[in-house]
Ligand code: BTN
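Have a look below at one chain only, the form predicted on its own, in structure tokens format.
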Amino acid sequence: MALGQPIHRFEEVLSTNAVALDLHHRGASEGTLVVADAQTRGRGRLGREWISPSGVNLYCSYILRAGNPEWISWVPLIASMAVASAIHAETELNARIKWPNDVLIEGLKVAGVLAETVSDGGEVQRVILGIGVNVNMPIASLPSSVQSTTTSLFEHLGESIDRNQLLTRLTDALDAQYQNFWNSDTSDIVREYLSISDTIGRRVIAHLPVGGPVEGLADGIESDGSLRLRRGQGDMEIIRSADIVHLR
């Protein structure tokens, strides 16, 4: 099934993921796309707020099949690959990925991904995939606390771009990744991910949900998308969830 159909458009929502979840409970099909001009309670990874002003950025969510655990773990990563591909196709900007799924331009965050599973009786039924891209937003309009780590396409191009056209490119790129996952070996996806990774080969600090920060060399990723971190004595640690900080 091709992604992006049917499409539901809104002027303002709490979050596109919340709307997509509601549509799922109402029987919406795989591939359904939700797009909004503004979010009043946009969310990012690790419970963070996703600042979502009206009429300038791209906020969207897709309803995806559940599939197997390997697929679920890869959803955020292939989504970030699709975002990077769409940005490059539309603007020729060199977008790269900070593990697992932050999209960067020149080291600054331009897009993020939030994948949430929907379960019934312990069985995962769907994945709600939310994507936010800073498109035409002046960074000066953001709180000063995030201006040094955030960017938008406008900041690099000096001009606005068509958000609907970017959405079309994103949906096409995501659909290609979606079909590729189900029809090929994940080793191909790993190679593509590594080719645009801004994390692999760098020293990083991984702030783990439990156990505090861990420093080491980002050595690669596993077949399920987990990060391999080589520590001081050569010990390898597998990181499945963390907030990553790149070290210079």
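Just so it is clear, the model here is predicted, and its values are computed rather than measured. We number the residues from 1 along the sequence you see.
There is another form of the same protein, the form predicted together with biotin (BTN); it is not shown, and what comes next is about it.
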| item | value |
| --- | --- |
| Proximity of residue 170 to biotin (BTN) in the predicted complex, heavy atoms at 4.5 Å | no |
| Close approach of residue 113 to biotin (BTN) in the predicted complex, 4.5 Å, heavy atom | yes |
| 4.5 Å heavy atom contact, residue 156 to biotin (BTN) in the predicted complex | no |
| 4.5 angstroms heavy atom contact with biotin (BTN) in the predicted complex for residue 41 | yes |
| Candidate stretches 105-113, 158-166, 140-148, 87-95, one within 4.5 Å of biotin (BTN) in the predicted complex by heavy atom | 105-113 |
| Heavy atom contacts to biotin (BTN) in the predicted complex at 4.5 Å, residues of 117-133 in sequence order | 130, 131, 132 |
